[in-house]
Each structure stands twice: as C-alpha cells, then as structure tokens.
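Just one chain is shown here, as structure tokens, and it is the form predicted alone.
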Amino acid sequence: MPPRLTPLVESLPATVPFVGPETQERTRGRAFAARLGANENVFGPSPDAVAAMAAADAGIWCYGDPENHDLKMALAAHHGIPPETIMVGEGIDALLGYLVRLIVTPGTPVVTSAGAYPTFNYHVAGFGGTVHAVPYRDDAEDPDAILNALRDTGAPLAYFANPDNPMGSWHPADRVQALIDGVPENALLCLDEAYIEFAPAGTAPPLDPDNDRVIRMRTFSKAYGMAGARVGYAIGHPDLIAAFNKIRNHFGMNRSAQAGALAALADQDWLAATVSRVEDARDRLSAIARENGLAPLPSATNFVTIDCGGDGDRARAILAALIERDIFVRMPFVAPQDRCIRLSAGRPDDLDLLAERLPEALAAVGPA
C-alpha cells in the first residue's frame, strides 16, 4: 500500500516551482556553457566567507547553533535594529513556508501578483490557501491593486517583491511605504527584498520592526553570492518573529553556512565591488539585446528581462534555441510578461558567449 497522504496533499498537482539547470543538463546529456538563468551571483562570495566556511567544515560533525546567535547579533548591528526582530532561516524560500504555515489554513485567501515569485504560491497551495492574483501594471507589481485585493478579499496575508522577480522592476521607497501604511488592520504584507542590495538608493523604506503589518525578507543568496548555502532572514515585529520558533526547523541552518554568512556580512567592500560588477554586466546584457533588435527592461536586480518583440510563443522559441546552444536562461510564465526572456548578470566570458549565440538563436527562430 502507498503511504497515506492527507486529502489536501492528495489533491495537489505533482509540480515544483522551478526545473533546475542540473535537471536540464541530465536530460540534454551535456552541461551548459553559460549559466544565466537562475539569478545566481556568478561573481561568488567574499573570499573571507569562503575561508570561514572551509574552516567551519572541520566541525561539521556539530549541529549549527539553533539560535543563529552570532549571525543574528551581527545582522542587528548592521541594520541598527533589535535582535529579537530578526529570524534567520534556510533561505527566503524556507522562511516563506514558515510564514504561510503561521497564517494560512485551508480556504484562507492570500493576495499576490499574477506571475510573481512562484514559490510563495507553492507554499500557499501546500497549506490549503486560496491565491488571489492581481495583474502587473507596466511590467511592475501594482501596489494599488495589492491593497484593493486585500480589502476586497479580507486576506490576512499579501506578497509583494521590491525589486521584482521576474521583471527586475522596482518602486521607490515612498510608494512602498504607502503600500505598507495601507495594509488593513489584522493583515500582513510580506515584502520580499531579495535583490535590495542591487537597487538604487531610495528603494527601501526605513526598517521599522515595531510595525506589525509588514515582514521583510532578505537573503545572502543574491548580492552576497551564497545561493548554495541557503541563508535568509526575516525582519518583523518581535511577536511575529517569536512565533516562528513554534514551527521552524531549529537545526535547519548548517554551521558552515552560518560562518560564511557572518564573514560575508563583515566584508562590505566585497559586496560593493560585486554590485559594481553586476551593474557592468547589466549594461552589457542590455547592449547585447539592443544589438539584436530586442528591448531590455530597466532592472534593479542581478538580471535583465528582455522583451522579445512578440508573444509568449516567440519568447519560448528563443529560450529553447538558446538552451539548444548551451545558454541556460529562463522567462516569465504569465502573459503578457511571458513575451520576455530573463538573463542573469554573467562574467565577461559568459556574455561573450551570449553575444555570439543569441544572433544564431534569433536566426533559427526567424523574424517576429
């Protein structure tokens, strides 16, 4: 007999939010020559972080500190906020799962944007919630539509990313603060700021952990270059942060990742240099797109989303042609944003390869 699953789990489709490049490589029988699809920071973590992780590996027989004390204290000092307003977890993905578990039960309405980060929806479905998705406006998440949906549905939770994945768009701090201020009483906004280090000054509102209507998600996966270590953190009201302790995996953080994140946070010079490299790569990606008759969208992230000048079928054909030529890319999956492909900031050699093979891919697809 197969294992007995809950009716909710039995009802869910057997899907995952993303198909990883490794899965595609196994299917294709060969590796990608340029890995530009997963929004990874190819420039890597601080050498200090690499050294700290290597040193910590000798003690990997020990569990990591279940309180994440040293990292939490360093983050508190870095942001100038109390440590009891910070929750460290296994990347934003895991923290989103914990947050949804705290708030969502079968039938609970939850608000997001159609085409926004799908892992959030994945968790909502897993706990039986009902997603109410509002459309993007001008290729950006729409704060007014989020607020209207919160009021109309009575949802206790909404998701909003700034800067946004998959479009790379962003709103200024005052617009985001107005969204936070407009959240109805007894509702909560999950503000995903995974890419905030790449954004222009004036994108993030001031941190206010006393505000019980917002929880903000940050990560070491993007600008700090530690995606494989899985280190994220949430900033929120101390009562909400304390509630995570009721359900989180207390030993979910491994000690090497903890040590690496602590060293990465201390090396702000490396972070600044990485942000500069990403800016240069974004400029190059945009130039390559324009040289090939495509339209890059403005980006405040470590990727550039490129309008392919047609519909989703054309974008999917271009994506497939690039993958056939060993360039790993992804694309938005909800219309009309699915007219685009999305490319991560790469090293000069990666972008040289893209510049060589994108014209070949476009020629194979044909004109729009």
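Heads up: residue numbers just count along the shown sequence, starting at 1. Keep in mind that what you see is a predicted model, and the values were worked out from it rather than measured.
The next section is about a form of this same protein that is not shown, the form predicted in complex with a further copy of the same chain.
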property	result
Interface stretch in the predicted complex with a further copy of the same chain - options 285-293, 246-254, 78-86, 264-272, non-hydrogen atom within 4.5 Å	246-254
Touches a further copy of the same chain in the predicted complex: A364 (any heavy atom, 4.5 Å)	no
Contact flag, K222 vs a further copy of the same chain in the predicted complex, heavy atom cut 4.5 Å	yes
G126: touches a further copy of the same chain in the predicted complex, heavy atom cutoff 4.5 angstroms	yes
a further copy of the same chain contact in the predicted complex: I103, any heavy atom under 4.5 Å	yes
Check all three, V16, G154 and L188, heavy atom within 4.5 Å of a further copy of the same chain in the predicted complex	yes
Contact residue in the predicted complex, chosen from M167, V176, A259, M226 - any heavy atom within 4.5 Å of a further copy of the same chain	M226
Those residues of 27-44 which, in the predicted complex, come within 4.5 Å of a further copy of the same chain by heavy atom	R35, A38, E40, N41, V42, G44
